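Two versions of one and the same chain are coming, encoded as structure tokens; call them structure 1 and structure 2.
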Structure 1
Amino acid sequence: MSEASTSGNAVPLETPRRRDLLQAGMGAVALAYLGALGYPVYRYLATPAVRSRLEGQITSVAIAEKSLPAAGAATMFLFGTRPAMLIHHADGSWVAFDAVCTHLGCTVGFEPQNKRIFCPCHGGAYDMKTGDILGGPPPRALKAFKVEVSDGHVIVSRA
């Protein structure tokens, strides 16, 4: 036999007690619970930074001919992560605007019968050719994009 096993200084191994196992299990459950609560909060707080970074990377969007609206109509599309609106006027001209109301961030819609862009949330109205405010609570005009027509598709880019 070895000398270590015959000496009286050896510490006997303790078997885990039920209380210790229960405490370790409760600690693991508490950590999992905190993680389950913390992750959505982290995603919520990190999302604006991620969106901002993604929006800065997108400089233009090409819209294929099959997706283009007829004269006098509009189509919605995503410019990065934000909704945008492409309007094909009856005179053949094209304009594109950010489709987020400058008042409280609702998505606006095109109303050709009223010749305006309208926000249904609080009644904000914008000019369909310039994006300027026609009425309601919006504090500023819609952000306009640069529009170019080439080879059967429309290219919308930052102005």
Structure 2
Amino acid sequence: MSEASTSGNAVPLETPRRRDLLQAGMGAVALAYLGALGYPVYRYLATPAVRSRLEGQITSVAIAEKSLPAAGAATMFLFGTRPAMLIHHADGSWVAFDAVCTHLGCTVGFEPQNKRIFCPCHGGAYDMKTGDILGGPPPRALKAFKVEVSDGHVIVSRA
């Protein structure tokens, strides 16, 4: 440092090191300052989103007897914070799917008359027993849940 200020003609008039170091240091301090201000603000604004993500981290949902669909019908429920669909097929079997269309996130509906699960937004169609794609733009099958039927109520859990 001291050579730079005393050596006069020997080195170029302004050695870049000192100024660069100072500027980089100031920049770092400014960034740290902005970070210290920005972090609480980010956390403050993100609180509800973080809370609902925590709520969404459940592994199973029990559906009481009185809410269960009749054979050939479906019922909608919340799995954590996401809409989900429990179908009671006419043959007596039970399936449950994440009811969010894999294309652009609309909630899908059960269409027993067409034997499919359908998304009206862009015409995505899924198999009503497996959730596989039947047609339309969806990139992936609907996520299926594990369904257990035990004395009256139904337990839906992550597969």
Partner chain sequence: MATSSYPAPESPLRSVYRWADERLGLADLAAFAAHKRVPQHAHSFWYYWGGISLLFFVVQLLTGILLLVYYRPGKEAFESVRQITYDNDFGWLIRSAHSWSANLMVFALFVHLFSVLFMKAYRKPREFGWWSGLGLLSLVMLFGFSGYLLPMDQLAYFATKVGLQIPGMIPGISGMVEDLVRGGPQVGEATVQRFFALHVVILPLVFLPLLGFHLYLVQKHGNAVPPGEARKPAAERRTIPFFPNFLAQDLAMWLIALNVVTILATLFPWDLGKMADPLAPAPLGIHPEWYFMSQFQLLKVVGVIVPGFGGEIAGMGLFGAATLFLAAIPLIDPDSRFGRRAKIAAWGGALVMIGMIVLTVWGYAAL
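Structure 1's sequence is the ruler for residue numbers, which start at 1. Throughout, rigid core stands for the largest set of C-alpha atoms superposing within 1.5 Å between the two forms. Computed from a predicted structure; not experimentally measured.
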These are two forms of one chain. I'd like to know which is the form predicted alone.
1
So with the core overlaid, does the Cα of residue 70 end up 2 Å or more away between structure 1 and structure 2?
no
Cα of residue 25 displaced 2 Å or more between structure 1 and structure 2, core superposed?
yes
Large Cα shift (2 Å or above) at residue 40 between structure 1 and structure 2, core-fitted:
yes
